[in-house]
Ligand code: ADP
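The data below hold one chain only, encoded as structure tokens and taken in the form predicted alone.
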Amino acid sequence: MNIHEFQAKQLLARYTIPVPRGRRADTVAEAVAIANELAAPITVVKAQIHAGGRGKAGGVKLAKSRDQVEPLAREILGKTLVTPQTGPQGKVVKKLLIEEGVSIGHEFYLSLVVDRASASIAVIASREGGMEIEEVAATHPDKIVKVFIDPTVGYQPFHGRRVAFALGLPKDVVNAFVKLLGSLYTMFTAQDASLVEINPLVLTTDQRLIALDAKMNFDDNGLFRHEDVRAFRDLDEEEPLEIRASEHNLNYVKLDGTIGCMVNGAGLAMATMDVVKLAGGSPANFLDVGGGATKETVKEAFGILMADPNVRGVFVNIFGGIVRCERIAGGIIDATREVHLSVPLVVRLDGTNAEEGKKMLASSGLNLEVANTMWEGAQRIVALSGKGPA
């Protein structure tokens, strides 16, 4: 789950990590009132959407006087920001963060992320703050600092000193950084975060460390432990079909293709998407109905697929391990009759009771094709949907 910057800063402040003074505003009037309360020489007006690159898209503005806050807030609020992370459709700004400006001496990048390869928590830092870390890694990999923390041991002061020295922080700031990174690690583990990114972490001209921006992601599987974090969820920022899928325990991610994919198992889902692409098509989604899929699950999954207007064909690729193929076949038959499927459908079943499932589909009288292999199924759905060779 993602949260907004203003929410991330509330969490940071709770763990004594310095952040600029500021608050969320939903209207222009609220933005002006907050700016008057802050009474700062420079006020920052920041769009709040679940995407990076807001500054380049015109979503972050500096008001050098309080008189400038109102027109800037009016300009940003309601604007559609298009960034590399939003896609071409962009996202509409419905919230602002109004906060005090700070006197920046230097900008750093700092993040914590779960590193599954090393079974540790990785601290990633760079002196090139304010830039996208992917760009820095591609052009100046030598400027990336990585320190791995074994969660069974936890954060130790030497971890912080190692990062601080690598960043070239002034000696009189090192202890403050060690404390800050320790607090960040405590928050990361206590809140079941999967990513915490501060970009930039600034060293002010008066030698203070402040988190000027913040991005956080959380492990959905741990949210039951954190009612406060769950309360941060903003459904306006999420894809409606993904919200609908989550309500039925379906793993669904909308993509920009035209071939709807319904699969059981994340690995098979990824392979199916690759094969559809190899056959000349483009997957419209990632949809994993799970190993224990039922008729009801399949029916709901079909409903979600058909609610996407871009879908021109559906490929169902099921391997019956825990789930039995005849149950999936029954769900497919019921679902296609209920949702009045108007696009080509190709089904590939393999595993437990696959032959029984295929017979059910063949005798259903429905307009569908049954494939024997994943490659055959991908080729047929691409051809039938008009997005590949016939």
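Note that residue numbering follows the sequence shown and begins at 1. It should be emphasised that the depicted structure is a prediction, and the values quoted were computed from it without experimental measurement.
Keep in mind that the form predicted together with the ligand is missing from the display, and what follows is about it.
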Subject >> Proximity to the ligand in the predicted bound form (heavy atom, within 4.5 Å), stretch among 343-351, 60-68, 24-32, 321-329 >> reply: 60-68
Original post:
Which of L241, I121, V229, L212 has a heavy atom within 4.5 Å of the ligand in the predicted bound form?
Top reply: L212
Original post:
Which one of G290, G90, G101, G280 is close to the ligand in the predicted bound form, taking close to mean a heavy atom within 4.5 Å?
Top reply: G101
Original post:
Even though the ligand is not shown here, does V44 get within 4.5 Å of it in the predicted bound form, heavy atoms only?
Top reply: yes
Original post:
P20: heavy atom within 4.5 Å of the ligand in the predicted bound form?
Top reply: yes
Original post:
Does any heavy atom of T297 come within 4.5 Å of a heavy atom of the ligand in the predicted bound form?
Top reply: no
**OP:** Could you confirm whether P200 comes within 4.5 Å of the ligand in the predicted bound form, counting heavy atoms only?
**Re:** yes
